[in-house]
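Given next, in structure tokens, is a single chain: the form predicted alone.
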Amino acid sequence: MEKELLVYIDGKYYPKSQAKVSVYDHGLLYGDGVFEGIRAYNGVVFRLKEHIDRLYRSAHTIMLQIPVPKEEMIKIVLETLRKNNLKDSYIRLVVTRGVGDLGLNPKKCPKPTIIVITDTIALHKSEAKEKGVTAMLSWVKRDPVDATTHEIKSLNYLNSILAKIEANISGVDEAICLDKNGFICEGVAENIFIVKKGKIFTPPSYTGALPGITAEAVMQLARKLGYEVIEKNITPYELFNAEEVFFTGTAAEIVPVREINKRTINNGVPGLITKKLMDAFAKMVQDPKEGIPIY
């Protein structure tokens, strides 16, 4: 019988089937908390420090005091991977406001809950990277920067879930959300890029999009390969008429988009620049200098 994976919760490890939190945890009751999705490749956790930094920035923004320093959090992630004997893994690091009462007042939550899950994830079918995915513009607008901005990687993903439901109903792989002014913002769990005349464009973070760790790595790779990368507002018109479109994200990595709202992108096949970036990124994540070793 295969051994169950262990899940870290507040200093202890539990078999996956027994890993539980209180029904009074405000992460469950109100989505009050923050998280990170992180990847380990061949024994190295890709850009772990950057993910930890972003976790603490999100927590600071919602005035959630994480009870351990960053250095200790890194050790917890690495130790969880070691206990599960994992060299390649998707890591879900969660910090909730903790157990409180049925009111929403955070003052009633004396201690945050820390959870580390190390497992695998598959967002799309295996052929998605070879053939590309289909997408649609959703009626669900991204929350603006003066509201529950998606610059915060919070536990409240209802905005994304509603858009994903619409994509499911419409029979496409992914949804693309607009900002309150109608510009392209991001996918439900990915950043988005377009290619036009050999230049790469992506929406700026002030649209309310999450500043992606993978997106930043891809921009660095693109510039290293000699491509100009420009952050600017992108209209639906520009998206439909782009030469190439692709998503980036920790779980997704880089995924080409072949169709948006029934408009074909690049004759329905992944573009040359997208494929070059995919190849370069596959090499990047295997570079020990790009992360922290597990052992």
Ligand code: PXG
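Each residue number is its position in the shown sequence, starting from 1. On a predicted model such as this, the values are computed, not experimentally measured, just so you know.
What follows is about the form predicted together with this ligand, which we do not show.
The contact residue chosen from 135, 95, 184, 188 relative to this ligand in the predicted complex is 188, the criterion being a non-hydrogen atom within 4.5 angstroms. Checking 195, 210, 116, 219 for any heavy atom within 4.5 Å of this ligand in the predicted complex turns up a single hit: 210. The closest heavy atom approach of residue 256 to this ligand in the predicted complex falls outside 4.5 Å.
The closest non-hydrogen atom of residue 250 lies within 4.5 Å of this ligand in the predicted complex. Contact check for residue 270: no non-hydrogen atom falls within 4.5 Å of this ligand in the predicted complex. The shortest heavy atom separation between residue 73 and this ligand in the predicted complex exceeds 4.5 Å. Every member of the trio 51, 54 and 157 reaches this ligand in the predicted complex with some non-hydrogen atom inside 4.5 Å. With this ligand left out of view, the stretch that reaches within 4.5 Å of it through heavy atoms in the predicted complex is, among 56 to 64, 22 to 30, 241 to 249, 261 to 269, 241 to 249.
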